[in-house]
Each structure stands twice: as C-alpha cells, then as structure tokens.
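Form predicted alone, single chain, as structure tokens, below.
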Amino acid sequence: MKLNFHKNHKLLFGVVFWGFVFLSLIIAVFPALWVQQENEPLPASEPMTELERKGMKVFINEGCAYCHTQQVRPIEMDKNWGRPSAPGDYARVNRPSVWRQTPAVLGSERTGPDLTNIGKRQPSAVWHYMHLYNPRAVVEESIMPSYPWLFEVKNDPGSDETVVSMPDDYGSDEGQIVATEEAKALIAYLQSLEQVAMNAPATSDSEEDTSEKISENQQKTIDGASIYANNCASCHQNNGQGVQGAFPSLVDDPVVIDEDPTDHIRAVLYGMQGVSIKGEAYNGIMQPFEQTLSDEEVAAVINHERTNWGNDAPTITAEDVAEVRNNDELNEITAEEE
C-alpha cells in the first residue's frame, strides 16, 4: 500500500519532484556546464571593453532583445545577416558573477533585423545615433520605438559632448540633441557586434579572411539592387536621396554620374569620411567594401547607382573594378588620404 501513488501522496510528490530534478540535470544543467567549460572564443575575436560591456547592459535594460536576435540560423533567409552562428561567437559573453545569469542577448523574436553582424553592416556611429533618437529619420518604414530619454537637449553643448545632427523634421526646436553616456555605451556595443571568420588567425584583415569572404559572396546571385539594399540603403535610402545633413544623396551626385568611374569605384572599395558634396559637408564614415564585396558585386552595385533615380551614367565592368583595386599608384593615393 505504501507504494501506491493513489494512497501515498508523499510518494507521488517525491517521485515527481526528484524526477524533475533528475531530468533537469541531465537535459539542461550538465550539458550547459559542459558547453561553458569547453567553449573557447574564436581566435580572431576580441574581448569587450568596459564601455561595450556597459552598452550591453543598456541593450538589455532597454529591452532590445525582445525584438532583435543575435543568432544567425543556417537557413537561406538568414544569409543576409552573416554566417551561421557558432558557440564560439558567445564565449566572451560571460555571467557577471556566480549569482547572476549570463546576459540574455540572443533573443528569439525577429521583429527587427538580426544584430549579430550590425557593427560590420553599419559601422557609422552617426547613423546609429540618429536611428536611436528617431528611427524614422534614417529608415522611413521603421516600426522601432524612439529612445529620446537616452539623449539631452542643450542650448550650448560642450566641445567634448556628442551632438547629434538630425534632419529638420526630426530634430528639436529647443536646442541641440546631445547623446548621454548610456547612448554612447549602447552605440559602442552595437558597433562591436561583428562576426569573425571561424578559422581566422588573430587578425581580422588577413588575406585568407578576405579570400574566404569573397569566395562566399561569389556563390551568391549577383544583383546590384539587392547588394544596394543590404549594404547601402540604410544610409543613402532606397530612393538614393540620402538623409539631409548626414548621408549624401546619390541622385545627380557628381561622382556617381561622372563618365570616369574611378572615384566612384574607389569610394565603394575604400570608403569615405569628411567629404564636401555640392557645398555641404558630411562628417560621417562610409565603410569600405574592399574585403567584403567581389569585383563583380562592386560593379553590380555601382551600375545600380549609376542607372537609377534619374542617373544616366555609363556602366562599368568587373574588370574596371579590378583595375582600380590592383592599381598600386591609386592605392597609395588612397592610403595618404586616409
């Protein structure tokens, strides 16, 4: 009678409780401990700085993980976000103390884009500040909420403060928008989110890394419109009009419509910073695509820019890109400008 679950409630609850503990240990706890002990950071990855770690805390406190993931799945629709994620990608995200759990940054809801590689896809701090203050300023169709409490409005900001320039329709009428320390930390954290090659040595710009990325890209269908949408539209916008005061328009741009494509190719390959276009200065950083796009892809996206939105400039070939990429004299000039 003592072993009868129908008459011995202590036996029933004891079996249920210890069964739950046993299954939790063999299914969740022990495998998790094994992964934490065996998981090593990827060789080319870097530990987070104190500012980036503070930014991760802001990321969690503001609930960013409720809409954004940091885990690229090995499926076709995730290829735009980077290579499939691996345990080594998260080896540097450690628990703050033995009494606190590992920060939950992976997320599960994909309301917004995956942020695993956002630091590489969008390295411009200017863009991130504008996007954080009002996402519609740089992505018209965005449904992400604004975070104005991470900024202050001041009439006379100090020279060491980060002033955020916004288009007229999105700025403040009461003064200049200044980033708080929390905003700076969050942007630093987002910029640090970059995937590294699985088997790369402890340097991210090796020739092996470059060849691998270019080889992977060459396997994709080369479509200038898609490449532009994935790499350029966040700043220059889908209509090529750019963002007033922050990112230049490509419509009727002197470089884009120039019959000589050399400067256009150099801009895409090596990036730009601190340029003046049609009398307006742009201080933001345009990332270089030298190591992430093949000659064929650079030619495709340049041809997209030169033949859309009213632009009618001569198209180029992959050979034209290769000629600029391999021109030592031009590369020396570019290095001196940087």
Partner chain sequence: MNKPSAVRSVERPLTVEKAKVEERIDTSPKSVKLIFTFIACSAFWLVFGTLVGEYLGFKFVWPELDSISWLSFGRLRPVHTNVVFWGFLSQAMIALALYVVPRTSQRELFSYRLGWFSLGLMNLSIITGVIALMACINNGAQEYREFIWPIFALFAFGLILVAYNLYKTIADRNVKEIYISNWYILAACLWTIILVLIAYLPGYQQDGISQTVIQGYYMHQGVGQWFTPMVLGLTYYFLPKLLNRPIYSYSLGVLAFWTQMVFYTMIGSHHFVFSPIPWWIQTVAIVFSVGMIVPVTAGTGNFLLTMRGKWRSIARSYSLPFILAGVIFYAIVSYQGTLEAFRSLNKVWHFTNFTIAHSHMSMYGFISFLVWGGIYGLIPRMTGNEPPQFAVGAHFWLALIGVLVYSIPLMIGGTLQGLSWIAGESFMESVTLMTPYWVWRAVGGTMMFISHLVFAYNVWKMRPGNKNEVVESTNS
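Numbering follows the first chain given and starts at 1. Because the structure is a prediction, the values reported are computed rather than measured. For the two forms, the rigid core is made up of the largest set of C-alpha atoms that agree within 1.5 Å on superposition.
One more form of this protein, predicted in complex with the partner chain, exists but is not displayed; see below.
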item	value
Within 4.5 Å of the partner chain in the model of the complex, all of Leu51, Ala281 and Pro314 (non-hydrogen atom)	no
The partner chain contact at Ser24 in the model of the complex, heavy atom, 4.5 Å	yes
Close approach of Gln176 to the partner chain in the model of the complex, 4.5 Å, heavy atom	no
Partner contact for Ile60 in the model of the complex: the partner chain, 4.5 angstroms, heavy atom	yes
Partner proximity in the model of the complex: Thr180 to the partner chain, non-hydrogen atom cutoff 4.5 Å	no
Region of this chain that lies against the partner chain in the model of the complex, out of 99-107, 187-195, 249-257, 158-166 [heavy atom, 4.5 Å]	99-107
Partner-contacting position among Ser45, Thr292, Asn39, Asn303 - heavy atom within 4.5 Å of the partner chain in the model of the complex	Asn39
Option touching the partner chain, based on a heavy atom within 4.5 Å in the model of the complex, out of Ala267, Ala125, Val153, Met144	Met144
Neighbours of the partner chain in the model of the complex among 111-148 [non-hydrogen atom within 4.5 angstroms]	Thr111, Gly112, Pro113, Asn134, Arg136, Val139, Glu141, Ser142, Ile143, Met144, Pro145, Ser146, Pro148
C-alpha of Pro314 moved at least 2 Å between the shown form and the other one on rigid core	no
Per-residue C-alpha change between the shown form and the other one, Pro96, threshold 2 Å, rigid core fit	yes
Direction of the Cα shift between Ile27 and Val98 in the model of the complex, where the change is 3 Å or more	farther
Distance trend in the model of the complex - C-alpha atoms of Val98 and Trp34, change of 3 Å or more	farther
